[in-house]
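Below, in structure tokens: the form predicted alone, a single chain.
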Amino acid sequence: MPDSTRYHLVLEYDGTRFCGWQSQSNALSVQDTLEEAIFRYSRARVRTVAAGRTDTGVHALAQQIHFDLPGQPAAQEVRDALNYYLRAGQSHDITVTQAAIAHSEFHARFDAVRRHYLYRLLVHPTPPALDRKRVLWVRHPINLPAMEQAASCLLGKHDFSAFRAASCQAKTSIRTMESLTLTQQTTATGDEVHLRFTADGFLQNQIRIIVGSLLMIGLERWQPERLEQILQSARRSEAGPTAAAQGLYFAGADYPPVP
């Protein structure tokens, strides 16, 4: 039996009350909350690693993490125990949806070959009540074809400097956007627009700045051609506002097949 076992977990969480994924000394994080549940279950202090460090107020549909535990408890036991201790600690907004034993070198962050995000817009004359912390409310109708036309220039490998936060610490702003789709569906509360992003990686606030820029086009304040001009400028000052965190979801990460 190995001294320790590496686990690969998938988490779903509502980020509303958290400062984000990453541990902070003066605020409640998803990471600290999960690690406390792991300690209450195993009596081991471990460090968890996530595929994507979501910011304050950002949600996750399928956050991928790894950590090591002494011994070799069954993956289902780990999943169920962590969900029990999360709820015992009143952390009802985090759920472990999947758990598996991973190979000892698996790394949730560095092994990810692509990441997926979802951004939700609710287009309706009146604000939402139940989803107010889970969508970005847009009061006025938007021109979705114009947004789709503009978004096409972001596909492929580019310097995304114009769409990164000033505080971004990434060593390079070059990223490859593999797909960016916009879909609309009518719900009981209005028209919901989903923007889905897939790339080899993302810069700090990249998606939220892109969404803020696309909304300027959707609201017909800018022409679609302006987005490519912004991309080519490589200047954050040229891009639109940073869209609110509440509409953003980490939707998953892809990994190479296990040999």
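Sequential numbering from 1, following the sequence displayed. Nothing here was measured: the structure is a model prediction, and the numbers come from that model.
Keep in mind that the form predicted together with another copy of the chain is not shown, yet the notes after this line are about it.
- Contact with another copy of the chain in the predicted bound form, judged as any non-hydrogen atom within 4.5 angstroms, is confined among 104-112, 67-75, 88-96, 157-165 to 88-96.
- Every member of the trio Ala60, Pro125 and Tyr249 reaches another copy of the chain in the predicted bound form with some non-hydrogen atom inside 4.5 Å.
- Screening Asn83, Gln184, Asn143, Ser152 for any heavy atom within 4.5 Å of another copy of the chain in the predicted bound form leaves a single hit, Asn83.
- Using a 4.5 Å cutoff between non-hydrogen atoms, Tyr13 counts as a contact of another copy of the chain in the predicted bound form.
- Shown alone here, Arg79 lies within 4.5 Å of another copy of the chain in the predicted bound form, counting heavy atoms only.
- In the predicted bound form, another copy of the chain sits within 4.5 Å of a heavy atom of Arg134.
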